[in-house]
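Shown next as structure tokens: one chain only, the form predicted alone.
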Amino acid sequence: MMPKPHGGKLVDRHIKRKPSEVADLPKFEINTNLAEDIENIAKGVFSPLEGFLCKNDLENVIKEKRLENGTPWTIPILLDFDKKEIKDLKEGDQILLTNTETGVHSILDIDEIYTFDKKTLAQSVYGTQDTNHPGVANVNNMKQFLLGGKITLLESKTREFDEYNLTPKETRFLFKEKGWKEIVAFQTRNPPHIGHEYVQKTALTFVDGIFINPIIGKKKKGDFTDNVILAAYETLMKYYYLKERAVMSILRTSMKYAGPREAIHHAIMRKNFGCTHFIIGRDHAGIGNYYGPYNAHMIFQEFPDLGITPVFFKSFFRCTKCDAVVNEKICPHEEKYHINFSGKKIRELLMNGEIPPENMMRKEVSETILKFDKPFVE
């Protein structure tokens, strides 16, 4: 049975109203990540949040990994300003938040203006204060004052890939139309190799449908471009998935690299899309050696009330003795027979214009990627 949205209600903070009608409000241009947070709040991806966190919720998320009312929530969604920018604002005011890239125009009703401790925030969310961690670096770059309160999205503009961009309301309708009661979600930031396909199909075997949900947005040099990721999945789904069993839609949100806490956050978002299961692999949302390889599995023990079932995969590899893709539960053979799926090796071959072996990546997928003049972020 499709789960209820997180917190019991799918948030909708989007009303059609011309920004010119609120032109007298103080106007603040915000960055694209914050604008995408507003869109995710308004369209229910971040349900039950209706705005940016106030102090009590932030403190509870830091200490308990839950909102003040006890609802599981692990990643603070915050709006920061410096003192000079907000010197004329007070609690109870309304302001207009805008972003040129996304076309976001949103009202913020300011409930609270407060400060926070960056070291405490970084340590609790990322488990470290090491400034080499990109999440910690982002926290250190935040401004000192936070504005908490509900948002109301007035408008946003059509962007590239929006034909793949379904809201939770739309996915829930789609899943119902397809007759799916159990849906497994798979998050990705890369084109699919055979190992990914194995994990997806293993999980799909036990549910009604799979929701492939690539994260789209800012990437680092050398990553596959968003165009390539979507085209590669289109090809895989065309040739190797039953049309009535797989759906792809993008998710616009920034990666935090918060490891276990972010795994819970990712699961909550997929619950809001209507998924009953979420695939969690090794070192989900991790970076470097900041988290243990299975910390993102263990944290789910703290959330028996999460409302979405994690599907854990510890490892998967090709066994030359089994002559198949297997995992540690089903393969009895020694490690010398195991070949790991190396994203780095596949990337190197593709960079040289070579097609990876078919036991690593589907030929059709490789050919799709190689059709692009510039498949990697430069």
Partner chain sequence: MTEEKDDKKYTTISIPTPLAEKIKKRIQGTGFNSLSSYVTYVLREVISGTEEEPEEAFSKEDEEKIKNRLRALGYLD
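Numbering follows the first chain given and starts at 1. As the structure is a prediction and not an experimental result, all values here were calculated from the model.
Beyond the structure shown, there is the form predicted in complex with the partner chain, which is absent from this document and is the topic of what follows.
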Would you kindly say which of 216, 166, 146, 95 lies with a heavy atom within 4.5 Å of the partner chain in the model of the complex?
-> 166
Checking 200, 253, 249, 235 against the partner chain in the model of the complex, the residue with a non-hydrogen atom inside 4.5 angstroms turns out to be 249
Give a yes/no on whether residue 301 approaches the partner chain to within 4.5 Å in the model of the complex, heavy atoms considered.
-> yes
Check whether residue 265 has any heavy atom within 4.5 Å of a heavy atom of the partner chain in the model of the complex, and answer yes or no.
-> no
Considering only heavy atoms, tell me if residue 162 and the partner chain come within 4.5 Å of each other in the model of the complex.
-> yes
Using a 4.5 Å heavy atom cut-off, state whether residue 194 contacts the partner chain in the model of the complex.
-> no
Tell me, please, which stretch of 254 to 262, 104 to 112, 302 to 310, 133 to 141 lies within 4.5 angstroms of the partner chain in the model of the complex when heavy atoms are compared?
-> 302 to 310
Select from 164 to 179 the residues with a non-hydrogen atom within 4.5 Å of the partner chain in the model of the complex and write them out in sequence order.
-> 164, 165, 166, 169, 170, 172, 173, 174, 176, 177, 178
